[in-house]
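Taking the form predicted alone, here's one chain by itself in structure tokens.
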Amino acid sequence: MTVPHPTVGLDDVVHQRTRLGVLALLNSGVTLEFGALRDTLHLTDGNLNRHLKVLRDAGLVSTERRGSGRSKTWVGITDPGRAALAAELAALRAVIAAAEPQR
């Protein structure tokens, strides 16, 4: 049996560009307000909402409404989200190593 290519280790939920960006931004332990995430990643409200739903449904981020009146949504990474990001980064490193020319 052959060894699978490192791309097999990529997680489709995490690997998508926007979702990877959200997890990377949140990985420092901060919670970010929805608008800050949207603006930093150059997304529309609807696009970010869709990706946050995927990440929430997978248990990788949590969201919380804060404030009175016009409350804002704050997003944080969960422990499983940190683990998923770490695994994705390890898989990406393996892909890069496999793509390097052998000397």
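So that there is no doubt, residue numbering starts at 1 and follows the sequence shown. This one's a predicted model, so the numbers in the text were calculated from it and none came from an experiment.
The following text describes the form predicted in complex with another copy of the chain, which does not appear among the structures shown.
**Q** Taking another copy of the chain as it sits in the predicted complex, is Gly21 in contact with it (heavy atom to heavy atom, 4.5 Å or less)?
**A** Because a heavy atom of Gly21 falls inside 4.5 Å of another copy of the chain in the predicted complex, the answer is yes.
**Q** With the partner left out here, check for me: in the predicted complex, does some heavy atom of His42 sit within 4.5 Å of another copy of the chain?
**A** Yes - in the predicted complex, heavy atoms of His42 and another copy of the chain come within 4.5 Å of each other.
**Q** Wondering, does Leu32 line up within 4.5 Å of another copy of the chain in the predicted complex on heavy atoms?
**A** Yes.
**Q** Can you tell me if Ser71 lies within 4.5 angstroms of another copy of the chain in the predicted complex, counting non-hydrogen atoms only?
**A** Ser71: no, not in contact with another copy of the chain in the predicted complex.
**Q** Tell me, which of Asn49, Thr63, Thr78, Asn27 has a heavy atom within 4.5 angstroms of another copy of the chain in the predicted complex?
**A** Result of the distance check: Asn27.
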